[in-house]
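Encoded as structure tokens, the following chain is the form predicted on its own, with no partner shown.
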Amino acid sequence: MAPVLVLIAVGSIAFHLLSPWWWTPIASDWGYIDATLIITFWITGIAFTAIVLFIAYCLVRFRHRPGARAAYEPESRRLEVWLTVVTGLGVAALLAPGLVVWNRFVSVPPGASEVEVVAQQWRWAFRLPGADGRLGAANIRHVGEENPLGLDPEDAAGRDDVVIDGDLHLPLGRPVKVLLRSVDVIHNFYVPEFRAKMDIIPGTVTYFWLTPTRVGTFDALCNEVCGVSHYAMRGRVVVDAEPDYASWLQRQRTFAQLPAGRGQRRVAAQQTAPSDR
């Protein structure tokens, strides 16, 4: 049994170092995430290897021998203190880098643009601010066939919002605050190349930020089981150079150009038109 444990420890290390399955090439400024994962691998890997090899040593050193008797020691204050200190230091070493990165992850830099990601079983939709630079109000009560994002038709700030029902495009090299909203159940927006993911909780708006660093097309996945078609909840995020992004943005429709927005404009016009009676 001891040789098998040694083989498991050595094989695990070799698999980690030689494995062809590794992270996708990063496409954002979140190299901090990779550094944190590497620290976690080192700490857990050392602990795993030490424990497995220690068990293998104990199997050999304390194996049964005729006439040998085990020493009875129900308590050992020295061992308990040692294990508590070492375990506490290990847990702190695991948590500290993550807390530092989390603080960066939700500290949006000044001047970052905004994009809203709306999750719904089992699809993604996106919204960008219009010329006024502000996203209009939204509420689940307004969700319908003509208004799938639930934008408030009476909020003037939302009329020029860009509503996207296809791929989301982001400009290269500009920080973006990603606002996340769900109209039904818990989802999770995850783009592996961005190293960025966040749960989307019904009734609240979560967020993170990133700066795209590489032009390309990347899969957006739901990383939280959200129903029978969870596996099919996929989208695409396209990172464009500035001229391509501007060209794409000009081709998008605003909320005012959609049926829900046009209907509200007609109602508003009828309410403000002078009566001929």
Partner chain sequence: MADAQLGTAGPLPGAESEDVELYHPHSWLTKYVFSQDAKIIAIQYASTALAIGLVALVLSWLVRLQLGFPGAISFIGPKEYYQLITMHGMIMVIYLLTALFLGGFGNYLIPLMLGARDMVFPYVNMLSYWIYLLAVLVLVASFFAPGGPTGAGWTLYPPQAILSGTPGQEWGIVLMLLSLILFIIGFTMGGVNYVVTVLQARAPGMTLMRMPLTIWGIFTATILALLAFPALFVGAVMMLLDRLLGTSFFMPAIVEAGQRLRYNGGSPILFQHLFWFFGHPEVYIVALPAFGIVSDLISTHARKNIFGYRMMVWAIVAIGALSFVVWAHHMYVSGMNPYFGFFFATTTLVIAIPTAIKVYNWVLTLWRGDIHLTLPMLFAIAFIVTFLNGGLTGLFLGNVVVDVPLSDTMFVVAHFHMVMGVAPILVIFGGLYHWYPKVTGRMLDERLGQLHFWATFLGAYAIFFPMHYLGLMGVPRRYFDIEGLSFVTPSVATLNAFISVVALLVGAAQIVFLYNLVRSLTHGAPAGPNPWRATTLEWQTPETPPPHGNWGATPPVVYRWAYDYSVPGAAEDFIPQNQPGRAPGPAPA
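Residue numbers count along the first chain shown, from 1. None of these values were measured; they are calculated from a predicted model. Throughout, rigid core stands for the largest set of C-alpha atoms superposing within 1.5 Å between the two forms.
There is also a form predicted together with the partner chain; it is not shown, and the following applies to it.
Visitor: Hey, in the predicted complex, does residue 184 get a heavy atom within 4.5 angstroms of the partner chain?
Guide: Output for residue 184 is yes: heavy atoms within 4.5 Å of the partner chain.
Visitor: Should residue 227 be counted as a contact of the partner chain in the predicted complex, where contact means heavy atoms within 4.5 Å?
Guide: Looking in the predicted complex, residue contacts with the partner chain include residue 227, since a heavy atom lies within 4.5 Å.
Visitor: Consider residue 76 of the chain shown here, and say whether it contacts the partner chain in the predicted complex, taking contact as heavy atoms within 4.5 Å.
Guide: Answer yes; at least one heavy atom of residue 76 falls within 4.5 Å of the partner chain in the predicted complex.
Visitor: Is residue 113 near the partner chain? Define near as a heavy atom within 4.5 Å, in the predicted complex.
Guide: The answer is no: residue 113 has no heavy atom within 4.5 Å of the partner chain.
Visitor: Of the listed stretches (151-159, 95-103, 128-136, 170-178), which one has a non-hydrogen atom within 4.5 Å of the partner chain in the predicted complex?
Guide: Residues of 95-103 come within 4.5 Å of the partner.
Visitor: For the heavy atom contacts within 4.5 Å of the partner chain in the predicted complex, list the residues of 47-76 involved, in sequence order.
Guide: Counting only heavy atoms within 4.5 Å of the partner chain in the predicted complex, the contacting residues of 47-76 are 47, 48, 51, 52, 54, 55, 57, 58, 59, 62, 63, 64, 65, 68, 69, 70, 71, 72, 73, 74, 75, 76.
Visitor: Take the rigid core as the frame of reference and indicate whether the C-alpha of residue 43 shifts by 2 Å or more between this form and the one not shown.
Guide: Yes, shifts by 2 Å or more.
Visitor: Taking the rigid core as the superposition reference, indicate whether the CA of residue 234 shifts 2 angstroms or more between this form and the one not shown.
Guide: Superposed on the core, residue 234 moves its C-alpha less than 2 Å between this form and the one not shown.
Visitor: Tell me whether residue 55 is among the residues that move between this form and the one not shown (Cα shift of 2 angstroms or more, core superposed).
Guide: Residue 55: C-alpha displaced by 2 Å or more between this form and the one not shown.
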